[in-house]
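Listed next as structure tokens is one chain, alone, in the form predicted alone.
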């Protein structure tokens, strides 16, 4: 594909400083781009050194001053570059239709332009919207509802009664609607508590590979609009995750907890059961949340403490052996003084 910088600026609602007619044939990283490619400057360190790239043009924030290089100024340079990547490298779409080796249950309904790959298994009373893509090995349980333009990658299982919205993406190996971890002690053994609820995933959610999202005991486990999860995330029964929240790899959220809107849970975060995490909260990597966190707070550590305090604690920890020695010396001196006073 070939686009002039002027055409690129129109696509991105940006402004060109340099050669409007410069032809760009691809996108590339800052360090390796050539004269036929466009890149973006990731941070201030790159803004000040635009001459370091051989790219034909660079996408930058509007605050960056003009340089001796073709630049395209936009409001959000990272998002603009991502949009341009989609233009130059559009995602491939599989052939529409239902393959002969797919197994489809009774009362199946689907919209237009659906693609169902070989070895897909679909239960009874399933409804798919327009443009749904099911890759090989997907299993859809009975009474599942899936909205328009949803894409489900290989070997995903969506179990009975679950509901997926529009433009949902679920990556390979994920299980939606597995039983919640519910057991009650009965003598020396445990009785399983039936898990009678379902999982609801709203529009524009993307679920990473090998996630497990458990069905509710009663009611629903609810992943609200715009949530993005990384790989290897576990969300337990009756959890609610608020809109546009980001959950990074290996995070686990215990049952009946609620996560607010636009929260950020970094890698390996653990959330205890029946905890409420507020809107716009940030939890640092490997943080363990044992009690509710108010809106807007930034916490780290286990158990969680304010992030700034956690940073001070981390600086002290390597010095503890030295502090211990000094404290022992002070204690000896204090003991001698006390003996003299006595």
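Residue numbers count along the first chain shown, from 1. As the structure is a computational prediction, the values presented were derived from the model and not from experiment.
Not on display, but discussed next: the form predicted together with a further copy of the same chain.
Asker: Between the options 166, 244, 115, 127, which residue brings a heavy atom to within 4.5 Å of a further copy of the same chain in the model of the complex?
Answerer: Partner contact (heavy atom, 4.5 Å) among the options: 244.
Asker: Given that a further copy of the same chain is left out here, which of 210, 145, 98, 110 has a heavy atom within 4.5 Å of it in the model of the complex?
Answerer: Of the listed residues, the single hit is 210.
Asker: Do residue 56 and a further copy of the same chain come within 4.5 Å of each other in the model of the complex, heavy atoms counted?
Answerer: Contact check for residue 56: no, nothing within 4.5 Å of a further copy of the same chain in the model of the complex.
Asker: If you check in the model of the complex, is residue 201 within 4.5 Å of a further copy of the same chain, heavy atoms only?
Answerer: No, residue 201 sits far enough from a further copy of the same chain in the model of the complex that none of its heavy atoms falls within 4.5 Å.
Asker: With the partner left out of view, is residue 206 within 4.5 angstroms of a further copy of the same chain in the model of the complex by any non-hydrogen atom?
Answerer: Yes - in the model of the complex, heavy atoms of residue 206 and a further copy of the same chain come within 4.5 Å of each other.
Asker: Under a 4.5 Å heavy atom criterion, is residue 69 part of the interface with a further copy of the same chain in the model of the complex?
Answerer: Contact with a further copy of the same chain, no.
Asker: Using heavy atoms only and a 4.5 Å cut-off, decide whether all three of 137, 156 and 231 touch a further copy of the same chain in the model of the complex.
Answerer: Yes, each of 137, 156 and 231 comes within 4.5 Å of a further copy of the same chain in the model of the complex.
Asker: At 4.5 Å, heavy atom to heavy atom, what parts of 279-317 sit next to a further copy of the same chain in the model of the complex? List them in sequence order, or say none.
Answerer: Stretch hits, in order: 285, 286, 287, 288, 302, 303, 305, 309, 310, 312, 313, 314, 316, 317.
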